[in-house]
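Take a look at this single chain in structure tokens; it is the form predicted alone.
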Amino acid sequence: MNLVVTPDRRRTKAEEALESAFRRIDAELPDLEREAAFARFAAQGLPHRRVEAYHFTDLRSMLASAPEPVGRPSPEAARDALGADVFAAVNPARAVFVDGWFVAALSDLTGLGDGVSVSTLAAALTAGETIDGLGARVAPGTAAETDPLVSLVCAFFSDGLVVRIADGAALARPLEIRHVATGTAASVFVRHFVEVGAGASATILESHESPEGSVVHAHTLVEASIGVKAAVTWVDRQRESHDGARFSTLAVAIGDHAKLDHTVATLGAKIARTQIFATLGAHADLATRGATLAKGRTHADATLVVEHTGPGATSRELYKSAVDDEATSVFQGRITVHKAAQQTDGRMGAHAVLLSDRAEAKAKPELEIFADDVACAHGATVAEIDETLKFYLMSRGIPADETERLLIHAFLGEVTDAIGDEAIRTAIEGEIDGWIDARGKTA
């Protein structure tokens, strides 16, 4: 094994721990280009503020250490980790991963409909499938493939889900990919492949959670392709321990005339970074929205890279943050319109409300346009709660705490109101209400 380590800098303890772990487990796992992926990571190391994409999220200084990957949990530990499901009222099919490993006994993959195939990545590889044969892949040389967090998942992943929806088929039930943790200090790496055929449709839910007080560094990578004229709704809820870290990447190719409606709610983790790398074909439609709620001394980063490659496509990006105590929220978004992508319509907005004079919000929306017939715009705002509105509500007998609760909920409502399914919308609103009600408690 030839690991490439940049010679002109000193490795951190976290980088040394990751290299040691990789040397230990590399021989135990199928090759699958793992060494090449780890070499890409080792050549860069953990990203720092001089790396533009991580300017506001300096992982080299933030990550003092990296816990060891762990093996498959016992059935008893997996069952104890499960807890209540935030999407229970939706009655979805479920694929449950505990500490990064699929647990069949806790999952329910029945009733998904004709033309739908769901298997585990471990099973697919055991059956002799290759990564190339699994469908959607991060394209070589792209911003996603060269991202250090993506490289880590590609080097370390132990399991994941392979979802294939045939042309013209539809998921008969929403499919939830649920990630939970036993609470053991661990680095967890999961890689999913989702392939939605032409004219197909699906609703996919993601849920990420770990016990409060646990130190889990959770890394997930979803590689997805959405075929011509297909339609996908995707809702992602992340609520990790305030002592842990969550690094989540969605790399998606949206085909011609296809549509992706995406919502993410981030409500926890000491360090959280959610990345979306999206490529849009001709007349494709992307709507992605985010609600970030940060308190204590947490750091939450939402980063988008949207590439318009075909003409006539539409993208809408709206991310809102409520930031309390000494927490920090970060939004970085870039829309790139390629020369062939004439008549692109792209709009990006990032808005934050600061609930404390020590809270901080940073936003960097960007447009990179190489076509000459486009309608693109971006904007960002950072503000405190409107004191005039607060006074108006309080003057009508509403207590101060309830006034702030109503105003925060209304601020984030533009994100949640756009979720079409009532049961899913109610579940996400309930999570937000719980966070607001817990304000002031120690994180």
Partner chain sequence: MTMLEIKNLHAEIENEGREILRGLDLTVKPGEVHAIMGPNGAGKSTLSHVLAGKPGYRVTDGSATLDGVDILEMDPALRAANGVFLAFQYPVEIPGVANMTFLKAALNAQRKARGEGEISTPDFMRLVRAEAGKLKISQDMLKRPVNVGFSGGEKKRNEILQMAILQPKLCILDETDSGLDIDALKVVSEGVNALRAPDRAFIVITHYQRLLDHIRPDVVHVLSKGRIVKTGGPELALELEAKGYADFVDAA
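Numbering follows the first chain given and starts at 1. It should be emphasised that the depicted structure is a prediction, and the values quoted were computed from it without experimental measurement.
We do not show the form predicted in complex with its partner chain, though everything after this point is about it.
- Interface membership of Asp58, defined by any non-hydrogen atom within 4.5 Å of its partner chain in the predicted complex, is ruled out.
- Using a 4.5 angstroms limit between non-hydrogen atoms, Glu387 touches its partner chain in the predicted complex.
- Contact annotation: Leu406 falls within 4.5 Å of its partner chain in the predicted complex, judged by heavy atom distances.
- Among residues of the shown chain, Leu393 is one whose heavy atoms approach its partner chain to within 4.5 Å in the predicted complex.
- This chain lacks the partner; the member of Ala43, Ala383, Ile398, Ala418 within 4.5 angstroms of its partner chain in the predicted complex by a non-hydrogen atom is Ile398.
- Only one segment in the set 47-55, 370-378, 398-406, 60-68 has any non-hydrogen atom within 4.5 angstroms of its partner chain in the predicted complex, and it is 398-406.
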